[in-house]
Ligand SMILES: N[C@@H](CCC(=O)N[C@@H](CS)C(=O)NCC(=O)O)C(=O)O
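Here's a solo chain for you in structure tokens, the form predicted alone.
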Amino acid sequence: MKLFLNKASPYARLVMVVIHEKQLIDRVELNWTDPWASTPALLAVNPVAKVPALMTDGGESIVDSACICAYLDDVGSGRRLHAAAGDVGSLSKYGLGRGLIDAAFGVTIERRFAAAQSEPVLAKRWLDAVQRTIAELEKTPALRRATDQPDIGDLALAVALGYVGFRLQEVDWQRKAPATATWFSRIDARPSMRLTRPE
């Protein structure tokens, strides 16, 4: 398999976490790329020019991180990460984690590319969403289950919180959400998280 990715992308990090959790690291060739450059190699796998993008051993492209994670869960070893049918709790965490990634990434991109102003309107909207989501995590213990056997929802939440800490340090989420910070510190110590920290 061949994975196109960028070290700062939270979407690519989630895929890399799954690769480690599913013991696939020796089966995946990593192709570090700048998606903004829209290189021919990336476009051949993903015409949308986004990372991550996976080329399977069979030569098929999978271009969305959620789809890539589901595929890797199927072909990798060990316990299943995705929810069994009807597991609303896991699905709820996964959706919230991906939503938090989307919001934090949206703030980052809007600030990077929007016309100069004090705070772009969309960035403020997404930043508000980031803060509301972290507040929801803090007040809902069911979203912070034990971390010895994390599922895809736990991993998505952890990657999202790591990205907020990496890109949006002004949110200061660990001080504002101490119970969530304690949960995060345990899951962040997993090898899959330690080995994929953004740079």
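Just so it is clear, the structure is predicted and the values come from calculations on it, not from any experiment. Just count from 1 along the sequence shown to find any residue number.
The form predicted together with the ligand is left out here; the points below concern that form.
Stretch-level contact analysis of 44 to 52, 134 to 142, 167 to 175, 148 to 156 against the ligand in the predicted complex, using heavy atoms and a 4.5 Å limit, identifies 44 to 52. The shortest heavy atom separation between Trp36 and the ligand in the predicted complex is within 4.5 Å. Mapping the unseen interface onto this chain, Arg98 counts among the residues with a heavy atom inside 4.5 Å of the ligand in the predicted complex. In the predicted complex, the ligand lies farther than 4.5 Å from every heavy atom of Phe184. In the predicted complex, the ligand lies within 4.5 Å of some heavy atom of Phe105.
The partner is not shown here, but in the predicted complex the stretch 1 to 37 reaches within 4.5 angstroms of the ligand through a heavy atom at Ser9, Pro10, Tyr11, Pro35, Trp36.
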